[in-house]
Each structure stands twice: as structure tokens, then as C-alpha cells.
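Presented below, as C-alpha cells, is a lone chain in the form predicted alone.
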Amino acid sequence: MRTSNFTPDLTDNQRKVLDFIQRFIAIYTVPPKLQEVAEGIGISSRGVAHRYVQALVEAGYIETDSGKHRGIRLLKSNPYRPESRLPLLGEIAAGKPIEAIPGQDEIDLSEFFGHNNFAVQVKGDSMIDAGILDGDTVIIEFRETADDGDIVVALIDENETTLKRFKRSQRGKYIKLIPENSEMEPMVYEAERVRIQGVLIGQLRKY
């Protein structure tokens, strides 16, 4: 039996704000401004939106930095958000019919990828040598740090986001964002100009 989708420590309006923040980051890969939060949930008062955002801070879902233009940072996503499930018919091998898997009738994509993540659609061909093509959807785990060699969503100058392979200089002063395309050059930035927003954990493609 499936439980209903609710977050017990939040009110309905607070959950609505949390869901909006998650969706906004998933689409734009940057957090929303307070005015965008208010408009996104259908209210005109930034003060009311601020109260909802502050409640999410106190509940441990987000943190805010008033010194930044887009100062909301998602710490954890809503574990009770609507589930995404597909029928799981069984296992298949070349030349054989589908063989049923006893006790399994569907696959839960949110469980497969985990809850602390978001999806973004790839635009451009800078990652084609890694098998990531224009139009693909990639699954990103929310993380603020990355290891050398990880493919990351990086926010540059709090304004521009990009999907690239991550490499830090030996002394940590510079960060290199490397495209997986032999015709493109790596981008090098001072470390303070780059903020990691997540690390690639999966990929979806519709044929």
C-alpha cells in the first residue's frame, strides 16, 4: 500500500514553495529570487513569500544568503514529492522473450535515482564525447563539492550555468571546466567564481 504524498513538518503552502524552488532549479539551474517565488505560487506579497522561505530554512530544507542576488540554496529535496513509476515487465535478452521478475511489477524512478536530485535538459554538443547529446536529460545529485573527473553543473559568477567535467588546480586557486568535445577548449576560472550545484549521476534519452 502506498502512502499519501505529504511532508509532515510543513504546511501546504510551505510545501508548495519547496516544490516551486525545486522545479525552478531543475529548469533554470539557478535558485529563484523572492519575487519569483511569490509569482510562482500565485501570491503578490514578497513578505508572505519570505515567511514561507524562512519556514523552510528553519525546517532544514534550504538556507539563504542575503548577500547574494539569488541567495536560496537547496539543502534537501522533498522526500514525499509525487513518485515517478514505470511498469517493470521483466528481464530481456537477445533472442529470448521477456522473463517476468517475481514480486516486481514496476520501477520507481525516484527510488532508482534517489531523492536528492534534479533533472536538466542538455543543450549543445559540448559533451558529446562523453555520450551526452543535445536534447538528452541528465540526472544531477545536489552537491556543493566535486572530485576531479566528475561531470558537474557549475554556476559561474552567480549567473551562468554549464555542464562540464570538473578539475581543480593543485593549489585549489583555479577550477578548470572541461568540455567533452575535441573541438572545444577547457574553461579556466578563479575558484571563487565557480559554485558547484550538483554532480551527474544518470542520463535519460528518448529514442
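Between two forms, the rigid core is the largest collection of C-alphas that superpose within 1.5 Å. The numbering used is simple: start at 1 and walk along the sequence shown. None of the values given here were measured: they were computed from a predicted structure.
Not on display, but discussed next: the form predicted in complex with the DNA.
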| property | result |
| --- | --- |
| Proximity of Gly47 to the DNA in the predicted bound form, heavy atoms at 4.5 Å | yes |
| Touches the DNA in the predicted bound form: Phe166 (any heavy atom, 4.5 Å) | no |
| Any non-hydrogen atom of Ser66 within 4.5 angstroms of the DNA in the predicted bound form | yes |
| Non-hydrogen atom contact Ile43 with the DNA in the predicted bound form at 4.5 angstroms | yes |
| Proximity to the DNA in the predicted bound form (heavy atom, within 4.5 Å), stretch among 150-158, 28-36, 172-180, 136-144 | 28-36 |
| Leu56: Cα shift of 2 Å or greater between this form and the one not shown (core-aligned) | yes |
| Flag for Gly71, CA shift 2 Å or larger between this form and the one not shown after aligning core | yes |
| Large Cα shift (2 Å or above) at Ile43 between this form and the one not shown, core-fitted | yes |
